[in-house]
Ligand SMILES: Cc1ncc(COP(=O)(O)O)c(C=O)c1O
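One chain comes next, on its own, written out as structure tokens in the form predicted on its own.
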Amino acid sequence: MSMLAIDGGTPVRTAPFPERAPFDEREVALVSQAIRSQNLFGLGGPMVTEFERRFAALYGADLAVASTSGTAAIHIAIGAINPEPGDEIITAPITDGGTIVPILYQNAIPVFADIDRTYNMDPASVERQITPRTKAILVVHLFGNPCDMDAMVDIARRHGLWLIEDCSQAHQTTYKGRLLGTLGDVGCFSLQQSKHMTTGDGGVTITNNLALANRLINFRDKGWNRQPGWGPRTYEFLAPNYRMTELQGAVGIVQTEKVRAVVARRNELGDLLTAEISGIEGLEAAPTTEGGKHTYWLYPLRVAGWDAEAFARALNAEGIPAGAHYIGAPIFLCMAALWDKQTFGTSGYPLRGGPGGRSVEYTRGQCPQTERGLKELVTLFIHEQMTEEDILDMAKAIHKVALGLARK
């Protein structure tokens, strides 16, 4: 066996990996057209309107509401279901803060289910968290791998709960032949730079539940009902301004034409890596939920037989970009708004009690499978500009590091 590069050996890879290039002259042309129009206000503008139409068509959805970010897309969904202060929303312990902020801003309480071996929420743990105050389940399809949506839909229906899907890392991803974002009541998508389709930043909320339509539409526009009402302006409820601009809409139009190919290519490359590294003792390749199709926003490796930081450092030395532990700890230990209750002023509301609230503690040990999973996690980035040769170099380096670190 050759010596590990971290010990002075020759790296598997010396050439840089190709840079991701999500944009081309088609986006440039439409952005230029938007600027030349002298109107970049998106609400009712031709670019945002067309983008929303195309995004809805991608998912067979009755309504798509474009917004400024994935966080905004989730906030719009939670604002639409309108929880009471202190209501509970069950969600994932491995996620971005953008999943949590909208819950707190609607004065609801995040409750965390533990994960299963897929890194997604364990349905059994979700059901154990349900109380009389539970309003909704907010599932997170982590890394591009679907949750067990049969189980989640069943739980939500039996308990009369809203089901919201955070598809920020799972564009055009299928579960048993159906697209994520269409199995629950509302689907939420991020268009941030790293996502399968991107406008730099931005978000979209979709639904087939037309009872939610007006509130979804108006929540992204300060609660403003622009139909004739109480006078020149009618603000029906409290809401922020999350309107997308024509610049983002222009980019989004072209991205809707590309996303299926992007997702198909990532699936091919990720599945190739899985095939090449399967069978390494102590290492688990990226899991795929039964009935799902992984789209590899990130590629997760569980390195139970090694120290994850040492494994990632050794891969880096071999010329393979890799990171350890993803977010490091469950999200409730990463956000001061949760573990230290730094929310609104010094009130800690709704996590310290108050009208509708209750005292909540987020502590180490409450999601043990999450803590273990993050401790053993190494992540790799795969994108659509990579080649099969790039993936084979990744696999070769993983084999080399696994064997080399085992010897050490």
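Sequential numbering from 1, following the sequence displayed. Everything quoted here is computed from the prediction, not taken from an experiment.
One more form of this protein, predicted in complex with the named molecule, exists but is not displayed; see below.
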Proximity to the named molecule in the predicted bound form, single hit among Leu301, Ile74, Ile89, Val126 (heavy atom within 4.5 Å) = Ile74
Sort through Pro330, Gly187, Pro110, Gly202 and report the residue having a heavy atom within 4.5 Å of the named molecule in the predicted bound form.
-> Gly202
Verify the flagged residues Gly70, Thr95 and Ser168 against the named molecule in the predicted bound form: is each one within 4.5 Å by a non-hydrogen atom?
-> yes
Going by a heavy atom distance of 4.5 Å, is Lys195 a contact of the named molecule in the predicted bound form?
-> yes
Any non-hydrogen atom of Gln106 within 4.5 angstroms of the named molecule in the predicted bound form | no
Taking heavy atoms and a 4.5 Å cut-off, does Asn120 contact the named molecule in the predicted bound form?
-> no
Partner contact for Thr173 in the predicted bound form: the named molecule, 4.5 angstroms, heavy atom = no
Which of 214-222, 96-104, 149-157, 238-246 lies within 4.5 Å of the named molecule in the predicted bound form, heavy atoms considered? The stretch 96-104
Going by heavy atoms, what in 128-142 lies within 4.5 angstroms of the named molecule in the predicted bound form?
-> Val140
